[in-house]
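Coming up are structure 1 and structure 2: the same protein chain in two forms, each one given alone as structure tokens.
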Structure 1
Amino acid sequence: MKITGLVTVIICGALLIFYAMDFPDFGDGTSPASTYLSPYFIEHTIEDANVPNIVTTVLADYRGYDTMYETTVVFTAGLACFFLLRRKESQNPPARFYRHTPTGITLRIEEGGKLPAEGSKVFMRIDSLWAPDSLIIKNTCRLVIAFIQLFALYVVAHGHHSPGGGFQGGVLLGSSIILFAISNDLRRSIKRFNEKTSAILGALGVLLYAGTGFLCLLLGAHFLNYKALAPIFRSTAAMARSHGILCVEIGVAFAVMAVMIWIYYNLSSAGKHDEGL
């Protein structure tokens, strides 16, 4: 197999490189790709949508329809991971581990044994592969998470003017929670941001995007034509587009955040949602 693979790869690669020699030079600004469509986008972004970040305009407006499906892809992935992996804990209840906090003794309670009360201050449930909490990690993360989230919100909100937008902000938001789940443990994270929330928020995010588009459709324009929202925002058509873009970016951010967390929950606990990384 290795040899076959190598031979195929070398042949394909040689062929591809041979054809690549006909490409326009790297950095050449005169190829059709740079001169046909993109000038329109660059030159009209301010006029059409009042958004200086051209990528944002193209992403959420000119090709906003693609982006809606891009968000749907993310949502699909979350749903798919849930669908494939999730199993109920009760199906096969393993032994649970508890730590008696005052003494530091670890208890292993087999299935059917008497479990300490939920929320007991004395007994703390721990993972089977548990290392004592590192104070430094826990506290650093606690500090950092807030800043990550703040930055993420900035990225979402300021996507019109600077690099970033819904995706990046959403992933950052999601990773802040994932960081929390790693630095503490999965159960605590799930308590704060549970599966149902993430699933519903994921769908809601995409729904916000598609719903914005659908609202335009209901208002008589074509799907995702934010211009139709102008009466609602009481603004010009260009500003309406700008606001519309913000709306969908927020939707994207919600969806991506929730789904990233959802996927993490399922992957890190192999679908059981009891013990994470």
Structure 2
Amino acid sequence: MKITGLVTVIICGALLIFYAMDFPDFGDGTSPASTYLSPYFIEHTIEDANVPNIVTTVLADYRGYDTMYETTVVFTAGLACFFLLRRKESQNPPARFYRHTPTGITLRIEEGGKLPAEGSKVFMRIDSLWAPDSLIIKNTCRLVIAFIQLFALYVVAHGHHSPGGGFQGGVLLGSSIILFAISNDLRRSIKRFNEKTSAILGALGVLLYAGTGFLCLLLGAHFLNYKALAPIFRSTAAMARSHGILCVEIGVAFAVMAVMIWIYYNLSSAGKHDEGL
């Protein structure tokens, strides 16, 4: 089996190298990308989609199929991590550690011992890999997270008019939740943004992107031809394409954010969602 895999990799690699020799050289001014595609995008982006950010127009409009499949791949990666890593908590959990909040004393409770009530304000559960309780870190992160999320929404909403977009905004939103999990603990983060929410938002992001394309089909145009949405938005065809780009960028942001959090939960806790990094 190993030999078969090795031979397959060698053959595929050789084919890739062989056909890559036919590609234009880097920076070749006579390549199709330089003589046709790039000039067209630069000259017609505003006219076609009323969007000043050429990069976003290329990603979400001119090559919208490719970006939709990229979003699907991101969601599939989250599913793969779930099926490979996720496992139920052990029926016989190991020793647990609690911090007595008034005194700061750490208690180790072995299996079978009486555990403090859930939600207790006197005893706070801490991870086995003990870390000092820092009020400065927690409060600083709590304040910073709000600004990160606000900026992320700005990046998504203005991604087709300034640098940004769905991928960047989704990464910022996901990193804000991960920052909360790191500065507090995984259990608190899961209570606020659980695994089910991640899965639903990830699927919703892909469906929002594809659904926008199917809506164009229902209105008599090609898939992801946002001009068909003009009657819905009550706008010109160019402005409808701008609004369509925003719709799919929101879908991308949902998918990227949810999958980032989903993967982090499984990787940081070895799939148990009990104790994190």
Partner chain sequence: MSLPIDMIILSLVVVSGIAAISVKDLLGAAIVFSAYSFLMCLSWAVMGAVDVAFTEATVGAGVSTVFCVAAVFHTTRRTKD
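None of the values given here were measured: they were computed from a predicted structure. Under this definition, the rigid core comprises the largest set of C-alpha atoms superposing within 1.5 Å between the forms. The first residue in the sequence of structure 1 is number 1, and each one after it adds one.
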Item checked: Number of the structure representing the form predicted in complex with its partner chain -> 1
Checklist line | Core-superposed C-alpha of Arg188 shifting 2 Å or more between structures 1 and 2 | finding: no
Checklist line | Rigid core fit then Glu43 CA moved by 2 Å or more between structures 1 and 2 | finding: no
Item checked: Core-superposed comparison between structures 1 and 2, Thr236 Cα displacement 2 Å or beyond -> no
Margin query: Could you tell me the distance the CA of His100 travels between structures 1 and 2 after a rigid core superposition, in angstrom?
Written below: 3.4
